[in-house]
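In the form predicted on its own, a lone chain appears below as structure tokens.
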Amino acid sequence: MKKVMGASFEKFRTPEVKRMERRLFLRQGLSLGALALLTGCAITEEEKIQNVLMRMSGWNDDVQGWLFSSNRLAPEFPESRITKPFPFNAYYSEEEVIDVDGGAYKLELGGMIKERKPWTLPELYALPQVSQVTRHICVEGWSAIGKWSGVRFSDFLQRVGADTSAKYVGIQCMDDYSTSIDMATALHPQTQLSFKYADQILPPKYGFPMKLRMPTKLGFKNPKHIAAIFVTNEYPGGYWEDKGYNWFSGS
């Protein structure tokens, strides 16, 4: 395993990534075609196309946010339904999963958080933990069921004095990945800082030292190898979101 730093994105355009890009292209094309039919106009200028698609995506985010409810839980399953082996998925190959030194690791906090001291793994492991057996739904069209254990993210945010009236929680990862979520999803009872998979310390390929598990979001919104968490009112974007993927991406 090795850490991915400073390499070109093209090197990591695996078949899985290319499938995701094709799905995005088709989705945008269908959306644009529907818009043209509705307006009776031919939209040809690239800048106008991008502006229209961004407005449509923003509208979609707003609708999904309005429909989202903290009282609506994702389905949970018996352990007999767990997918074996649980698939690996990332924007790079499994051979290039990063190797994190757990002894030196510290979770950094920033933004609208009162207690910004870094957290070591022993400190994180000492927090009260819960487990869930939930389905991971990938934007590529496949899904898998796994068991995740860790601290409820809402409990952690409360413990560190996060301003839960803020709009966004941003996550930066050690493999240069990033994403962000709405505060309502951050406070959802099934959103979890996961330290274990199948009752074992999280393997590197599943995100050691921790991932943010959200069964209410599509898989690419569930970041692995988390390095830093911050709370903000400024839109943070994310790795795939900045490439045009829908930001809310509820499952």
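As the structure is a computational prediction, the values presented were derived from the model and not from experiment. Residue numbers here begin at 1 and follow the sequence given.
Quick note: we don't show the form predicted together with a small molecule, though the next part is all about it.
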When the small molecule is placed as it is in the predicted complex, are 90, 175 and 205 each within 4.5 Å of it, taking any non-hydrogen atom of the residue?
yes
Any of the heavy atoms of residue 215 lying within 4.5 Å of the small molecule in the predicted complex?
no
Can you check whether residue 147 is within 4.5 Å of the small molecule in the predicted complex, heavy atom basis?
no
I'd like to check something about residue 219: if you look in the predicted complex, is any of its heavy atoms closer than or equal to 4.5 Å to a heavy atom of the small molecule?
yes
Give a yes or no for residue 211: in the predicted complex, does one of its heavy atoms lie within 4.5 Å of a heavy atom belonging to the small molecule?
yes
Taking the partner as it appears in the predicted complex, which of 118-126, 133-141, 158-166, 104-112 has residues with heavy atoms within 4.5 Å of the small molecule?
133-141
